[in-house]
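In the form predicted on its own, a lone chain appears below as C-alpha cells.
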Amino acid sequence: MTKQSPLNNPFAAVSSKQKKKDAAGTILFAFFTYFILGCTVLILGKITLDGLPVLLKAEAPFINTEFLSKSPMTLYEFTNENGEMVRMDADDYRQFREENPDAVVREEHTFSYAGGGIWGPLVGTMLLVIVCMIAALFVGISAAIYLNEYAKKGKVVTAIRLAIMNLAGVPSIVYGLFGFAFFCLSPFFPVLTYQPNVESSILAIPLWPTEGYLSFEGWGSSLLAGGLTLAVMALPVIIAACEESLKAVPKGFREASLALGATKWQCIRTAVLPYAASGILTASVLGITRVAGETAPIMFTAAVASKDKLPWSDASGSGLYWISDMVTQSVQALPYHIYVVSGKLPDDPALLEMRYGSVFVFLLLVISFAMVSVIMRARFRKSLKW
C-alpha cells in the first residue's frame, strides 16, 4: 500500500507553517469565546456583589423582606440630637414625628424613591409579562402555524416573512410610540365601567341587567396597553422561532398522519405540535424575557414612577368590571423604576442601595424566566423522541 502524499489528501497538514496557522486560529477563536464569557462573569459578578448585600441581613430571617414587600417611597435623612445620621422611610418618619413631636431633627434631606422597596414595580412587571405572554403566545404561535402549515408559497407569504424579519430590528422606542398612539390614544377600545367618561367616550352601550356599560373610551396609559405593546414587540421573534421549530419536525410525520385519514388540523395537533413544543416554548419564553426588560415601550404606555396602591387594590366593581378596571390602570414597572432612580434623579449615595438592589432583583427575575424555558425544554425532550 503506497503512502498517500499530502497533495492528494486535502485533510493532511501540508507543513509546520500550516500547523502554526491552525494553532493561531484556534487560539484566536478561544480568546474571543472566553473574552465574552469573562465579560459576562464580570457584569453578573459586579451586579451580584453590589446588590446581594441589599437583600441580605446579618440577623434572622437573613433576607431583607421590607425591600421586597414595600413599594418605593421617599427616604428621609437627618441628624438627631446626638449628632448621629439617621435614615427613615416616609412611613417610619411620619410615625416617628407623631410619637416624638419634640425630637430634634437637623439637616433634614429627602430623596424621592430611595426608600421603601420594590414590591410595586415587581408586581407591575409580573402583570405586564403575564398580559404580554397571553397575547404574544396565542397570536405568535397561531401565525407561525398558518405560515408554515397552511399558507401557500408565493410573493405574499414571502413579503409577510420579510416584514416579520424587518420588525425584529425596529428600535424599542418606535414600538413605544406605536403603542402610545394606537393603544393609549385611540378611543375605539372598549372598557367595562359603571360610569362612562363623558369627555372621551364615543359610545356607551348599557349592559342589562347590570348597571354597567361597555364604553368605547380607550385604555389610556394602562397595564393592558403596556402589555399589548410588549406583545407586539415580541411577535417577530416568536413567529420566526416557532416557524423554525415547526420546520424541524420531519415531513414524514405529516404524510403518515394524513395517509391514515387525519384532517389537516388533526395532523398538526397530533403529529407536529407535540414534537415542536419544546422549541416553541423555549423560544417564546426567551423572546418575552427579552422584551420584559424594555423601558421605552412601557414608559409611554403603562409605567408611572409612583403609585400608592397595587392595581387590584385600587380597582372598583366586581367580576369582569373589576378585571377591566384593574387592567386599565397604570402600573409601576421594575425597568422604569431602575431608569428613574439611576438616570432621572441626582447621583447621591442615598440612592445606591435602591439602585443596586433593584438591578439585582431584576437580574434574578430574568434568570428565572430563562431557567423556566430550559426546564420546559428538557421535560419536553425527555417525553417526546423520534
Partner chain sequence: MNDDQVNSSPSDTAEISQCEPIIRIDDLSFSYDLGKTNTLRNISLDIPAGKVTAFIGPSGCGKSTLLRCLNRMNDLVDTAKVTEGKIEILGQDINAPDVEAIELRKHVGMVFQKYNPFPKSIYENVAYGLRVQGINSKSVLDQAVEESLQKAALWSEVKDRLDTSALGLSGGQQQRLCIARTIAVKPQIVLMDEPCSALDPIATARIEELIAELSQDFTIVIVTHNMQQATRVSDRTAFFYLGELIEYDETSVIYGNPSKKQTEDYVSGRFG
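Residue numbers count along the first chain shown, from 1. What you see is a predicted model; the values in this text were computed from it and never measured.
Form predicted together with its partner chain: not shown, discussed below.
Pick from 266 to 274, 109 to 117, 71 to 79, 181 to 189: which stretch has a heavy atom within 4.5 Å of its partner chain in the predicted bound form? Single hit among the candidates: 266 to 274.
Please pick, from V105, A256, V156, M165, the one residue with any non-hydrogen atom lying within 4.5 angstroms of its partner chain in the predicted bound form. When its partner chain is considered in the predicted bound form, the option within 4.5 Å is A256.
Just to confirm, with a 4.5 Å cut-off on non-hydrogen atoms, which of A248, L214, L260, I134 contacts its partner chain in the predicted bound form? Exactly one listed residue reaches within 4.5 Å, namely L260.
With the partner left out here, check for me: in the predicted bound form, does some heavy atom of P206 sit within 4.5 Å of its partner chain? No, P206 sits far enough from its partner chain in the predicted bound form that none of its heavy atoms falls within 4.5 Å.
Going by its partner chain in the predicted bound form, which residues of 151 to 182 come within 4.5 Å of it through any heavy atom? A151, K152, K153 sit within 4.5 Å of the partner.
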